[in-house]
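Before any questions on binding or motion, here is one chain by itself as structure tokens, the form predicted alone.
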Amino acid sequence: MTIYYVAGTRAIRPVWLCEELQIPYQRQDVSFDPEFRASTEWRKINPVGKVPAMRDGDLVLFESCAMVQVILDRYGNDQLAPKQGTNENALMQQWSWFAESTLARPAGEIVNHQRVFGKDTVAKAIAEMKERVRLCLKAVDDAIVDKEFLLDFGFSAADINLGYSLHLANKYVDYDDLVNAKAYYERLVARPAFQRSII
């Protein structure tokens, strides 16, 4: 299995999962330069020119949460995921989808607007995205009261998916006042597997 990686991107998710599961994988660092991402070579791997991508045998994937699920299904040996069909598994799925579709989206828009338009040009758009991120962080803060991780099951793939989104949000939004969410984030990033995933 090869994971195409750029530091700070969603590639952290599948790498972190592999580290948690202690399964072999190859991390291939690639360029984040627009020229490389627009190249025919890269577009054969990721047709929209983003990072990450993953190759496992004949399978090529370019969505990080899908990579997490495939790695769990193929190599997880019932680790980091509650049994399918249970309420806990449903909650894991919910938080995994939330991590990408609800929380990472406005945080990612902050990154994109700053990169494309410059900080001053889109101040109002960025302020709105920050408010959306804060709303999501409040939902996490409420969900993690008196809990170490999202699920009663314990640490799961949902924490990995949400952990990356929190990692992204942490760069752009101050939420020290949301003490449960902040402590949860600090627990996640202190994990040795997370630390190995970002270097």
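When you see a residue number, it is the position in the sequence shown, counting from 1. These figures come from a predicted structure and were not determined experimentally.
The form predicted in complex with a small molecule exists for this protein as well; it is not shown, and the discussion that follows is about that form.
From the list 72-80, 125-133, 90-98, 107-115, the contact stretch for the small molecule in the predicted bound form under a 4.5 Å heavy atom rule is 107-115. Proximity of residue 52 to the small molecule in the predicted bound form: non-hydrogen atoms within 4.5 Å are present.
Shown alone here, residue 156 lies farther than 4.5 Å from the small molecule in the predicted bound form, counting heavy atoms only. Contact annotation: residue 37 falls within 4.5 Å of the small molecule in the predicted bound form, judged by heavy atom distances. Not displayed here, the small molecule is approached by residue 63 to within 4.5 Å at the level of heavy atoms in the predicted bound form.
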